[in-house]
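Okay, here we've got a single chain as structure tokens, the form predicted on its own, with questions on binding and movement later.
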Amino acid sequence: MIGSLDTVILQQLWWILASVVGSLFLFLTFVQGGQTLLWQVAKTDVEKNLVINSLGRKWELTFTTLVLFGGALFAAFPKFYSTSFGGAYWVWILILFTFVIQAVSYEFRKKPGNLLGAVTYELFLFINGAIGILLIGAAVGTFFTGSNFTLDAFNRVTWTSPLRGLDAVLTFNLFHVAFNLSMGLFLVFNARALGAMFLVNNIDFAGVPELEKRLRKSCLQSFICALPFLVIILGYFMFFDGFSFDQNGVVSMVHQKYFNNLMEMPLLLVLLLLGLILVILGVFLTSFKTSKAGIWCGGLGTILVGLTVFFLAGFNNTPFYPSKADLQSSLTIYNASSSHFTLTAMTYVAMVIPLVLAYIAHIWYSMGKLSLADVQDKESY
């Protein structure tokens, strides 16, 4: 049945699957967001231990999902992988570095006699949550603003900027810098709001009621900080030119391309509005009510917004990785994909994804809430 699917259908299917994994990663960045809140909300060592151990139980999920997202892109769209990871390597090296120091921090922060001290590892966690997510957001921003590369007839990539991906935030085009940085900063502050929602849900605050109050307050503060960057992102989608290709694969600039995508694919407009409403509801439940369910509303809303962003970038004759140096080198889900055989084989493998998700959900719920007694364990982070 799957083997009989047309190549175009498989290409679209795999962009949807990659988008789902990428959007799930955006939800799981509540771990990184929570790490940036540590010094703001935790005033004692006990409160620090509660925050770090609550997040430490979930940090592998974020990293694993990021690797899965990269793996899906590598297998389904290898030309993108070789172009971006082979050309814009400085930004990806820095992102990877922030995740390496995150893993090191959870492993060694409480080790007796560690050379750097607990504060240094807490700083590493902050760097991962702030710089790492900022750079990931800027990289996603280049799906809309474009990158500085060309491809020759043999698909060999030439990067026309010595910054090797860091030009996403250091280019002289102020509009592109504003958008890419806004995408990154929005993800940072949204992750902080999600982190506060998660910690409110996951920690038993018996004995530390002030920690809960500070977390609920920080959720609202982070959301308010995210709003200006959301306005910039939506404004860019509404008014600025975007990349498009015709039936012959010729790429050109089109006025208000991404706004046109929203209008021509009304389901995306529904997903965007519903996602934003759910995020707002999550903030409301966490900051103005005593509910602990905000993370589920905010998390689902983040996933829906993420799906909207990825679908805007890849569907409706839109290059998902445009080239500013040479429009015709731009990558689409059609010219960057694997062969029909590879996509088919991968689709069969992808059928086990629901089982993996079910296992993750089982582990999530089996861990339960974190209490003061749990952080007194010698094996705590």
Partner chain sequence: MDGVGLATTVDWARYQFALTAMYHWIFVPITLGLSFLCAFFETLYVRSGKEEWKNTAKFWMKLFGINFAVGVATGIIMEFEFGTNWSNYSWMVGDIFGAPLAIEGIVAFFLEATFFAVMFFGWDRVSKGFHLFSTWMVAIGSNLSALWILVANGWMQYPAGMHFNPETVRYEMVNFWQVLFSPVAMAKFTHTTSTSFIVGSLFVISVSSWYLLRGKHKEMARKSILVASVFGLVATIYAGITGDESAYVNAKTQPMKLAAYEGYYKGETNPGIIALGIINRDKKPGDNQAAFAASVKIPGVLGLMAGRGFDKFVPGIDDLVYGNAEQKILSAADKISRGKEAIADLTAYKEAKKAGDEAAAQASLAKFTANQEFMGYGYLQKAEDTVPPVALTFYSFHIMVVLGIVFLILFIVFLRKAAKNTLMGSQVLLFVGFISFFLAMIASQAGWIVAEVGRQPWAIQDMLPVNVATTNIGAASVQTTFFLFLVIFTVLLIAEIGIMTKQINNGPKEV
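Everything quoted here is computed from the prediction, not taken from an experiment. Positions refer to the first chain, counted from 1.
The same protein has a further form, the form predicted in complex with its partner chain, not shown here; the description that follows concerns it.
Asker: Which residue, C225, L116, V254, L273, is the contact with its partner chain in the predicted complex, using a 4.5 Å heavy atom cutoff?
Answerer: Comparing distances to its partner chain in the predicted complex, the residue within 4.5 Å is L116.
Asker: Since exactly one of N260, N155, N173, S291 fits, which has a heavy atom within 4.5 Å of its partner chain in the predicted complex?
Answerer: Checked against the cut-off, the match is N155.
Asker: Just one of 208 to 216, 273 to 281, 74 to 82, 231 to 239 has heavy atoms within 4.5 Å of its partner chain in the predicted complex; which?
Answerer: Correct option: 74 to 82.
Asker: With heavy atoms only and a cut-off of 4.5 Å, decide whether I363 touches its partner chain in the predicted complex.
Answerer: Flag for I363 set to yes.
Asker: Quick one: does A103 come within 4.5 Å of its partner chain in the predicted complex, counting heavy atoms only?
Answerer: It does: once its partner chain is placed as it appears in the predicted complex, A103 has a heavy atom within 4.5 Å of it.
Asker: With the cut-off set at 4.5 Å between non-hydrogen atoms, does T342 touch its partner chain in the predicted complex?
Answerer: T342: contacts its partner chain in the predicted complex.
Asker: Within a 4.5 Å heavy atom cut-off, is R57 in contact with its partner chain in the predicted complex?
Answerer: Contact check for R57: yes, within 4.5 Å of its partner chain in the predicted complex.
Asker: Heavy atoms within 4.5 Å of its partner chain in the predicted complex is the criterion; list the residues of 93 to 126 that meet it.
Answerer: Read in sequence order, the residues that approach its partner chain (within 4.5 Å, in the predicted complex) are I93, L96, F97, F99, V100, I101, A103, V104, E107, F108, K111, P112, G113, N114, L115, L116, Y121.
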